[in-house]
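Just one chain follows, in the form predicted on its own, and it is written as structure tokens.
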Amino acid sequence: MSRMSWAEARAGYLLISPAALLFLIFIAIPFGAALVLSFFNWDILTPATFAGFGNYQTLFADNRVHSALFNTFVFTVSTVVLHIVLGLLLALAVNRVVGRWLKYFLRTAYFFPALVSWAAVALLWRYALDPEFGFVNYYLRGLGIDPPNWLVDTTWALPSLVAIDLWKTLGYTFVILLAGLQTVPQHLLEAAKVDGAGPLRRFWNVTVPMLSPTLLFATIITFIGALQIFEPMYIMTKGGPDNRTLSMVQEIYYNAFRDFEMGYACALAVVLSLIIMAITLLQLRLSRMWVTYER
């Protein structure tokens, strides 16, 4: 290897070293420690005892874990679909606004809920959804509809949390997709218009392919965030009613810090990490079929 190649390689290693160090400290080492602890029974206070695959056997037979996995997947799929569809519609609408100050206002207004803490959001929506004096049920009764007790009803508790999470976090997806829309080359849209393509065809044949890398990024981070959902379930419903809103991260928290079953909690964390990695790799693999990169 020439002297120039060595210099370029050394510069490359120096540039990636901060990210590699952070990955090692905050992801690789904790995951390795959790993987090792998942083969032990440990309550923090007494020495750990080797359990082999005992924690994993218990995990796969645990009905609470089955409920948590099911709720997490339902929440994740619902959230990702709504985020991508509504985020794209909002981004398309705001991108067409002509006034600069109105565009700034709309971007700020849609992103503002993302800046509010989950504790404040939970208090706000618990009040709004209160069966006695919440304004949601007040207006539904005014329309002649008999409303449910949203956070206690086994049918409506999880959809209510999906809606609340959407209200708080849609701004992230909206901002990402809006930024992606503003990078679509205008000369391609103008050329398609000159060739007689209508708005729908220009959107499908030009905007969507050019936006596809941004859509992939938004889909992946929304999937990862939704699979790790914890705050709304813990603060608003505690996983109830009847475990209908229990999430995987919530179950990990309860086992680790309420029941002090660290080994079992680590086994749950390892399984959730493997699920997230598998889904992310599958998305990247499938992206070759629909993502277009401009050359």
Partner chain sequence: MSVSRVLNWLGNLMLVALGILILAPFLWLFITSVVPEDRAFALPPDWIPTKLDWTNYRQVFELIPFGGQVMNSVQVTAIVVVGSLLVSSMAAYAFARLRFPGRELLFVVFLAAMMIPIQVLTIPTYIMMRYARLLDTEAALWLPGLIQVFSIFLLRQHFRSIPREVEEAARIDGAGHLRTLFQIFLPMSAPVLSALAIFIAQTYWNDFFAPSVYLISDSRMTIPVGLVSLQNQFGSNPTVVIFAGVTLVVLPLLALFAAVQSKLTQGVALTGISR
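Residue numbers count along the first chain shown, from 1. Keep in mind that this is a model prediction, so the values were computed, not measured.
Quick note: we don't show the form predicted together with its partner chain, though the next part is all about it.
Interface membership of residue 287, defined by any non-hydrogen atom within 4.5 Å of its partner chain in the predicted bound form, is ruled out.
Contact between residue 44 and its partner chain in the predicted bound form is found at the 4.5 Å heavy atom cutoff. Though the partner is left out of this view, residue 160 does not reach within 4.5 Å of its partner chain in the predicted bound form, counting heavy atoms only. Taking non-hydrogen atoms only, residue 107 approaches its partner chain to within 4.5 angstroms in the predicted bound form. Though its partner chain is absent from this view, in the predicted bound form it lies within 4.5 Å of a heavy atom of just one residue from 69, 249, 59, 51, which is 249.
Put simply, of 84, 208, 191, 102 only one has a heavy atom within 4.5 Å of its partner chain in the predicted bound form, and it is 102. Annotated contact segment (heavy atom within 4.5 Å of its partner chain in the predicted bound form): 162-170, selected among 183-191, 162-170, 143-151, 197-205. Heavy atoms closer than or equal to 4.5 Å to its partner chain in the predicted bound form belong, across 220-235, to the residues 221, 222, 225, 226, 228, 229, 230, 231, 234, 235, ordered by sequence position.
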